[in-house]
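Take a look at this single chain in structure tokens; it is the form predicted alone.
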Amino acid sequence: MTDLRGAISIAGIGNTQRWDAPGRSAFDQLQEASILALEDCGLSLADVDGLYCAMSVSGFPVLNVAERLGIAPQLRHADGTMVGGASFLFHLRSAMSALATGQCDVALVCYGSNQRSAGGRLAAMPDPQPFEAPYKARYPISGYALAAARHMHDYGTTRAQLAEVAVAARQWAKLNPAAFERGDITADEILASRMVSDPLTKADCCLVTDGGGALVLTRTDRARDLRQPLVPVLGTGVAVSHRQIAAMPSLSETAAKRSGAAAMAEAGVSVADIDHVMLYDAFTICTLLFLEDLGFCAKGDGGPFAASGAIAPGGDLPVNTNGGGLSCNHPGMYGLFTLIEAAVQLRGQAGARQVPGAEIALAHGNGGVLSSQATAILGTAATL
């Protein structure tokens, strides 16, 4: 097997930070983020020969985006894998292989959404699940509520512990000028929030925002000569578990256990080596599940771990330092923004929320109803 550790780096990042942008389409957001990412590292659209994208508003994202950006004739590799919010970490893994084998030289991973300004609803799902649809479940929250209820049953997790996840996210968001929600919030206010799907309240749910994000990837030897500090990809792992929540093997354990183990093995690190963590927090239960399944605490200990203050500013494990999907942004599919914030931290460019001395970061994406999981370990030049 080819050793890809550190062979590919994130050279540029783009984030529109337009969380409420009426009049801007999903493709507008994607295009702006792509240009920002290329400008960030000193490249242009003319340099891009690999394209990786997924959008909830498009069944043919690669075709539409290539045409929109005017890069179709020059593309040598493309991937439109769609596994929900984890898609962009799947794309990262795909792009690494293509770059390492010379199938492309500059890869653009990009996304855009106007979910908030378009009315807040996800695009209609093209594949309703026959064993769940008759019960009129609220997609996707009912699936996550099932997982939360099971975790409570199995391990004694409480709603108060879930609330502490949202409190920690807001504390980080208050340090991020670009976060959508930066107001004070208490655990009591979260517990008193409107119940949406028992045991999850409105405050246990991620934001609904617009937004666009992009990454530029290239081989590390080339990235060294570009504008920004080096952010090499040390390891990646992906895993698929199920489509419908009724088919999930265990409601209290996710396939993050597999994707995380693969990524850390490829990177040659353990949880003890990781300085900064970005987890896909579509719902508060996600943070607990992924902390456990990635190995940051024992199975069932996620609730007490979060309640201890460990993941909040000043805690032992900086988690979701931009404010996460709960308080910073969540434009339908959030996975790309875990990578963007990890890169910002490793560059030392996070301002008041900067994790001192961060050299190794873990970014984790989740898609569907805990259906797809993807993990990436990123580093600095010092980790090569």
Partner chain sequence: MTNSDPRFGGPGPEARWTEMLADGIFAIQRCGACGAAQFPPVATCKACGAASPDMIPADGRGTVYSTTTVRAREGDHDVSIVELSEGPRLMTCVTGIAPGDVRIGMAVTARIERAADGPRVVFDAPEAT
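Positions refer to the first chain, counted from 1. This is a predicted model, so every value here is computed, not measured.
The discussion below concerns the form predicted in complex with its partner chain, not included here.
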Would you kindly say which of Gly102, Gly268, Pro177, Pro249 lies with a heavy atom within 4.5 Å of its partner chain in the predicted complex?
Pro249
Residue within 4.5 Å of its partner chain in the predicted complex by heavy atom, from Ala310, Leu191, Ala137, Val240, is Ala137
Within 4.5 Å, heavy atoms only: does Asp301 come near its partner chain in the predicted complex?
no
May I ask you to check whether Asp275 falls inside a 4.5 Å heavy atom distance of its partner chain in the predicted complex?
no
How about Pro130: is it within 4.5 Å of its partner chain in the predicted complex, going by heavy atoms?
yes
Is there a heavy atom of Ala149 lying 4.5 Å or less from a heavy atom of its partner chain in the predicted complex?
yes
Taking Ser142, Met195 and Ile245 together, does each of them reach its partner chain in the predicted complex with some heavy atom inside 4.5 Å?
yes
Select, from the options 197 to 205, 79 to 87, 230 to 238, 258 to 266, the stretch whose residues sit within 4.5 angstroms of its partner chain in the predicted complex by heavy atom distance.
197 to 205
